[in-house]
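This document opens with one chain alone, in structure tokens, the form predicted on its own.
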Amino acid sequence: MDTYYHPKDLAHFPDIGRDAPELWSKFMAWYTAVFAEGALSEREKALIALAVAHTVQCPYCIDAYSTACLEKGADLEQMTEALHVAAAIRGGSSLVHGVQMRTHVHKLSM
């Protein structure tokens, strides 16, 4: 079975800039600055990126930031904990929208 995502495609990410080099350059400058050491360490930023990658369900980002986390010294326990934090926020976000559902149902029931 073929799949929409191919791990080898991640290496072609820079191709996105071929027809818009100025925008690509600006994106890369911003992206590089975002992931530079700052108030948060590069390892912490990689863990955040890994967690976000799971919430946006980007298989390329999951692969890239799993590798980055390991390279920056994170271990599997920390990476798994970051994933659970992201999943809890995503699950909680779904549940809190239940307030809108309950408000709508109460409004219709009156």
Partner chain sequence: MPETSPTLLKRSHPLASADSQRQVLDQIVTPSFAEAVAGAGYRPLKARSIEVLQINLGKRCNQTCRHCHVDAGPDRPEVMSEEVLEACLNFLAARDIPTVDITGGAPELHPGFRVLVERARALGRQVIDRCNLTITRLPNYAYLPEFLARHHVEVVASLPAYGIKQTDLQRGGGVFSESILALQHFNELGYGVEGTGLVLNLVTNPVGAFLPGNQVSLEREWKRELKRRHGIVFNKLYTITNMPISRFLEFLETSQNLESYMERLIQAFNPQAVAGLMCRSTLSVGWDGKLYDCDFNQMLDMALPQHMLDIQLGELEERVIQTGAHCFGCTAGAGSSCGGVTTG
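Remember, it's a predicted structure, so these values are computed and weren't measured experimentally. Positions refer to the first chain, counted from 1.
Below, we turn to the form predicted together with the partner chain, even though it does not appear here.
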Per-stretch contact check against the partner chain in the predicted complex, the hit in 66-74, 81-89, 52-60, 25-33 (non-hydrogen atom, 4.5 angstroms): 66-74
4.5 Å heavy atom contact, H104 to the partner chain in the predicted complex: no
Candidate spot D15, R18 and K45, all three touching the partner chain in the predicted complex (heavy atom, 4.5 Å): no
Any residue of 7-39 that, in the predicted complex, places a heavy atom within 4.5 Å of the partner chain: K8, E37
